[in-house]
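Below: one protein chain in two forms, given as structure tokens, structure 1 then structure 2.
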Structure 1
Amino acid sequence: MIQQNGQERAMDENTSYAPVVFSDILSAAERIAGKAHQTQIATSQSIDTASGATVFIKPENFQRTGAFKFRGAYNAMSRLSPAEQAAGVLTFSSGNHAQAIALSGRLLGIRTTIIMPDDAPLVKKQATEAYGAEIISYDKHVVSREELATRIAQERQLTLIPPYDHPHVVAGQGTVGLELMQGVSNLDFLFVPCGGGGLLSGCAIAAKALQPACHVVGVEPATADDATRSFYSGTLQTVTNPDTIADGARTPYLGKITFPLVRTHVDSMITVEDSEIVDAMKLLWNRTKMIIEPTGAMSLAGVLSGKMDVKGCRVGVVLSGGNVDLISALSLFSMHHKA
């Protein structure tokens, strides 16, 4: 552990970002207390039987806005200065981070502006607007969202809070791991979905602080394996518009902050096929009666993939969210349906 902390500091010194450490997660937990739900750890005999392990589920589909993203967004926005809060917050996201920023803004009395591609699903736009955010649409084939966000933030004097590459966002997401580690002792493994690495790195920091022997595994789709390749090569790798049903893991690369954190605190990265994700979703829907989105089910798919030897072990599994269009879910289940 001492060596790991040393490594962490060395890497952080090479960046212009403040390191994220365990006390940041404890501090985030205090800030989000009473605002975010402490999702109840669940168990399932069926999942234990399917995996051969004793599995402890952290169901962030029951989090406010239906995903863990609320934790990081609220933590980051609550830390802005009064002047920054008065000016407002900007982000870019067509997914769970958009709703998380919008709801946090409503709770904190901060105006929020969300940059969303003009082909984002209408239902997501409406849900975000319902929380009181202003939506700015753009043509993603013409403009890069990062450039557009930087320009609008400057013009309007807004603070940009990106979806994952931000220390307070990472610290907020880490409270998922914190609550799991505080709720269940002696975990042998922790499986976490990986998109941009905010949830994974936050959970890994908490896990290594509280249960250093717990082996932390990040899971991403086989067709969007940039983080896995980055992790094992030590050089940031990218993917472009990967074809996977796990829409939350289509992020092109780990962040400047999350990449070194993942390298330092995560033990293994593995990938799963879309068919394995659908099988994990079906198991969860059928047996635990919880609605989990494809990205959220990647962690259980990783447990069931057989890539790590979890038999007889105590395994924590973070299910990151449940925001899936029901009609799309029908086609997923129908396609993979064995008659």
Structure 2
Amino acid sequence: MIQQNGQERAMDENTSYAPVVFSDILSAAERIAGKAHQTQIATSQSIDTASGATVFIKPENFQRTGAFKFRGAYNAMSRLSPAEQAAGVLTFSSGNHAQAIALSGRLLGIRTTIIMPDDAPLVKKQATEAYGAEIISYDKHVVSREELATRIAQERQLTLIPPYDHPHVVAGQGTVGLELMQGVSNLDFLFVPCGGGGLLSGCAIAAKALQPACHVVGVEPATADDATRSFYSGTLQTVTNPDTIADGARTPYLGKITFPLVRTHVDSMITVEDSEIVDAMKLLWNRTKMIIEPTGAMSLAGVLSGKMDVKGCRVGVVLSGGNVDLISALSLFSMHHKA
């Protein structure tokens, strides 16, 4: 054990200490208070009926920039030194983290540069530009975004804040789980979408600190199951440009920080098909009137998949975001329409 921030940080085979602990999430909550929205927990009789459980929804589609990412981005950027803030910040993202960094930069007076794939959702690109960021496009089939970001950061002397593999980002995302656990008692399950693992690991840390008996489940697309394979094998697995409608979950692998945190604090990982994600989106749109993007609906798809026995249980569900192009979403509903 190593003492840090007043808590014992457990040794792990993948890192010399636990890079994020519960006290970091509490600190992040103080840092983002008054800046991030404390999204209100929602319920739906229709979703309870469909799942056979009592479901408590944490709708981060109502967060600033339309996704949970603002929490981690603002927490990380607000902690930069004056020199780092003056230099400017660089990140790479398909959209939600891009918007979060751009808005945080505008609020904090920090210049931001975002590396985005040329096929990123237009709605996310437009919003990122509207917040004042410079966008650098790239072909994800030819260029590694991590390598491109490292090169540009060095050339321009920018501070790199990655979308998930950063302790302050993870701690900020963990405030989603903190608020849910503080708002609803005696949860049996917590379902969280998983891309790079920042939201999942942060929420899992909060859940285990406040409600240790709560079973934390990470949900991934079936075609982008690197985290699920990593979780069960104990060895970091990768995936290359997976074909899934959940663009926020196309990350190639868990990070050096998030992988050991997920292994330590998460209880189960499951995958869902794109068709199941669309069904969950349609249920949310039709019955709760919430616009949810595919990645944001993965957690509910996991609840409804039947892969975990949630009948009669109290279930927390994190909806991670709502940034979806409406025409694309309606096209998905039409393509996956059940006769």
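Here, rigid core means the biggest group of C-alpha atoms that superpose within 1.5 Å across both forms. When a residue number appears, read it as a position in the sequence of structure 1, where counting begins at 1. This one's a predicted model, so the numbers in the text were calculated from it and none came from an experiment.
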request  = May I ask which of the two structures is the form predicted together with another copy of the chain?
outcome  = 1
inquiry  = Tell me whether K140 is among the residues that move between the two structures (Cα shift of 2 angstroms or more, core superposed).
reply    = yes
